[in-house]
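The chain below stands alone and is given as structure tokens, in the form predicted alone.
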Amino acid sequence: MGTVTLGGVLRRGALAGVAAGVAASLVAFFVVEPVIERALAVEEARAAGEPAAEELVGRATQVVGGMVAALAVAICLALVLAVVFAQVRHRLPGRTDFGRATLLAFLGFVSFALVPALKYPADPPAVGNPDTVGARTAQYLSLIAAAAAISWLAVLVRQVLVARGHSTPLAATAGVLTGVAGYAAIMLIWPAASGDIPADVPAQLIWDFRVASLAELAAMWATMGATLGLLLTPRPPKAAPRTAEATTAA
């Protein structure tokens, strides 16, 4: 990356965001959407016998809008990932930019998706109290900020130990243990998820939705990191064409 400017990294980040958005949209359409349809069927059954409310936005528009939103979010996150990579590349372990970019994306997935999903798992449309949206959003965002700080602390612990002459395996192990202990601590400190699961929502439906939602985020972060890493990897120099004299001599 030595010859790549910040603008070059951002352009590669934008391309990585497009690829990640497409991957997330495909998972959303083929994996998440069928589960949402099952949740909506529960809502419709619950509302049976009540006056039908006018639908402001059609279901097809909601699906397309969700895929476009996934693309926009992926591009924004990829640009942030590219900026962070440009700033902390020298602190990340790894011998190649591909390894560093995929590691940074993995830390992003852990901080922004996995840890929040374990503490505050996503619920399908038939679950959740609208009156508690504000409180749940604040808890969710503060948890993400804490998880991101823990991830960065784990990287710093590894870097400090390497700088002090400790072996790379020991420093890496200390960094991983710091991250695991930190994630466990914030999982215990942050308040539990509020709201009860309605009795008419099958447990299997909730489980399927949570797994599908996490799979969508995993596809987005994995594609983002791998694509950015590939785009930052220098192309091998082309072999010089053999001259006529060299060919004759051979």
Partner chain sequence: MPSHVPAQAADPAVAPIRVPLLAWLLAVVALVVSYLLLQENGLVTTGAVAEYLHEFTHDGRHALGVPCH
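Residue numbers count along the first chain shown, from 1. Just so we're clear, the structure is a prediction, and the values are computed from it rather than from any experiment.
This protein has a second form, the form predicted in complex with its partner chain, left out of what is shown; the following refers to that one.
- In the predicted complex, Y140 approaches its partner chain with a heavy atom inside 4.5 Å.
- At a distance threshold of 4.5 angstroms between non-hydrogen atoms, Q159 is in contact with its partner chain in the predicted complex.
- Under a 4.5 angstroms non-hydrogen atom cutoff, its partner chain in the predicted complex lacks G182 among its neighbouring residues.
- Looking at A23, you'd find every heavy atom of it more than 4.5 angstroms from its partner chain in the predicted complex.
- Among the residues A174, L103, V84, V110, the one placing a heavy atom within 4.5 Å of its partner chain in the predicted complex is V84.
- Contact with its partner chain in the predicted complex, judged by any heavy atom within 4.5 Å, is made by just one of A69, A41, A193, M187: A69.
- In sequence order, F209, S213, E216, L217, M220 are the residues of 209-232 having a heavy atom within 4.5 Å of its partner chain in the predicted complex; the partner itself is omitted from this view.
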